[in-house]
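Below you will find one chain, with nothing else, as structure tokens; this is the form predicted alone, and questions on how it binds or moves follow later.
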């Protein structure tokens, strides 16, 4: 049922009576009763989808950007073209990029389109951080590795990459938080993730609980992911903890 205020906004009555609907009918700022009823059917599925969208985008972006950074580390001429292309992709407004990708054959309004856009926003960040981390390895460390009989590949895998981990993880952290934020906008074409309840709440100019709850989940997800990546970095670089 919908209650219409004369000349005013549309306010949902949430059907039926009972004390559990008092908060919604009174249109209070936040209704815990709405949250408890809609966690299972609305918020939890949206949160799960948001996590999946983020994991796919960051994983693919990490593989692509790390591969390009490793090649550019040995072939310096590749660095500038990659930076130019990834910088252009990073500066395209998300809504414009989704609109540009939608007509591409095989994409359309789908998760694939959303992922292509989200991956593109991770490339510049992770490419630059990985390359910077590798180039900041001291020359004396490389010389010591060579003096121990390590070839270029072995030195890269056993010495240079481990020392570059803090910079690499820093790039992953920034990219992950960026994707979590932009994935809310991706719901416009994919109808998945926390952007769905956020957009639904925005369309309702009166009742704000759904907007607050979904927004808080997005913020909480970003903070949780960032914290987990910090823990992973400390586990991978025990020498930094000792320092």
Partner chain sequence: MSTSTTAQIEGPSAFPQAAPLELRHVCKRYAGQREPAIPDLSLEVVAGEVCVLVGPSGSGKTTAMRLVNRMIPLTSGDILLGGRSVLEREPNELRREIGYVIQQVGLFPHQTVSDNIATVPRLLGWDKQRTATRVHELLELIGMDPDDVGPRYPAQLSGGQRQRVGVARALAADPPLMLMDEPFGAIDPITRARLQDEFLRLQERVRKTIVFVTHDIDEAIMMGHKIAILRQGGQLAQYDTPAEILTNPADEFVAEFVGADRALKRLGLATLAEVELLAPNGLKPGANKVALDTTVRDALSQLLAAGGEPLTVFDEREQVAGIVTLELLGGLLGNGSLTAGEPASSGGQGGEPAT
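Residue numbers count along the first chain shown, from 1. Here the structure is a predicted model, which means the values were calculated and not measured.
Just so it is clear, the following notes concern the form predicted together with the partner chain, a form of the same protein that is not shown.
Note on the interface: of 73-81, 113-121, 135-143, 95-103, the segment with non-hydrogen atoms within 4.5 angstroms of the partner chain in the model of the complex is 135-143. The partner is absent here, but in the model of the complex a heavy atom of 159, alone among 167, 159, 107, 125, sits within 4.5 Å of the partner chain. Shown alone here, residue 148 lies within 4.5 Å of the partner chain in the model of the complex, counting heavy atoms only.
Residue contact with the partner chain in the model of the complex: residue 85 places no heavy atom within 4.5 Å of it. Contact check for residue 163: a heavy atom falls within 4.5 Å of the partner chain in the model of the complex.
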